[in-house]
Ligand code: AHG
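Before any questions on how it binds or moves, here is one chain, the form predicted on its own, in structure tokens.
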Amino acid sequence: MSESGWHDFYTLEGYIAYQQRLHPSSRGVFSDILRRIGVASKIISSKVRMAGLINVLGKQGVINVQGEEQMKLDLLANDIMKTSLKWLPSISGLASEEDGEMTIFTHTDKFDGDHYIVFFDPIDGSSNIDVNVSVGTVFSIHRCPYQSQTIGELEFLKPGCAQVAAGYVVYGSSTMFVYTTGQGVHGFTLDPEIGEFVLSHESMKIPDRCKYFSANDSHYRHWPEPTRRFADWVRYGEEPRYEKTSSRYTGSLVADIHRNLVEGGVFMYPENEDTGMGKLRLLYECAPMAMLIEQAGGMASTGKERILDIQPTHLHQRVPFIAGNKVEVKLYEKMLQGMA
């Protein structure tokens, strides 16, 4: 930001407060949750940057509910997120990709305002930490009808279209906090000199070009034939739209989605033809990213249905996922349905 631009200076907290003033009936409860996630992400960012110095590189030796071996940073970030949020009286429950079950709170303090459930993947792409590649945090917020005696798993199993906010934090060459409350997508970059997230990308829109194609190409032989055809069309097609398309895949959903959101492109983690299953988690990864992509003018699908319309059946449900420019996602759906 140039010196002359400081009159337009907005921190994350200031921008949230500004948006809150646009809704006179707001009591600031929802804003408090976003602020706490912002605080937690600053702490996680600090730990990520010091990973090699504070002994949080490598594996913990614990297998999580996904059947994956947890990294030390997974557990540390999980604790940071839960500790930052659990004391808020408006939080009825938390669900983390790293935990087998949801966490339900019955607060002793009487609170008659809106209540919320927060879903999060504390460290997405944690296997990249040891090789110094960007990782991130993904979060999603749902409103919850608070009844302490009856809240259970059903309150957690809501479709993505019911989200009231979603976002991610990418820990890379800079740390960025990107979120939506259904009123556009806004990005904030952490200024290490003042310790605040500063508005750097207001009203983000995905460019209408397919600059990048992001997929784990090592699974190519396990993709259904229409999926392989789509990948070949985008990467090797002779259409002018794809003449300069490059393949870029980091293994970190946050990093890949962020790059494509800024530059234009499509991310894909389709179903495995052998198992018929996807890999990414609906509630912790796909639904939050789908809300962001749609708010930025893009599209997110399984190839057969809109991600935000899926009714979850369990906390750790996995689904196929393709997200990015509408042109490519619609083309993929047509190919999968045999219409192109």
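For clarity, every value in this text was computed on a predicted model and none was experimentally measured. Don't overthink the numbering: it's just position in the shown sequence, from 1.
Keep in mind the form predicted in complex with the named molecule is missing from the figure; the text below concerns it.
For the options G93, G160, G125, P270, the one in contact with the named molecule in the predicted bound form, meaning a heavy atom within 4.5 Å, is G125. Of the candidates K86, H219, K211, R228, H219 is the one whose heavy atoms come within 4.5 Å of the named molecule in the predicted bound form; the others do not. The named molecule in the predicted bound form comes within 4.5 Å of no heavy atom belonging to G237. Among heavy atoms of Y242, none comes within 4.5 Å of the named molecule in the predicted bound form. Although the partner is absent from this view, K42 stays clear of the named molecule in the predicted bound form, with no non-hydrogen atom inside 4.5 angstroms. Contact between E294 and the named molecule in the predicted bound form is not found at the 4.5 Å heavy atom cutoff. Here the chain stands by itself, but in the predicted bound form one stretch of 191-199, 163-171, 77-85, 251-259, 251-259, has heavy atoms within 4.5 Å of the named molecule. Residues of 83-98 placing a heavy atom within 4.5 Å of the named molecule in the predicted bound form: E97 alone.
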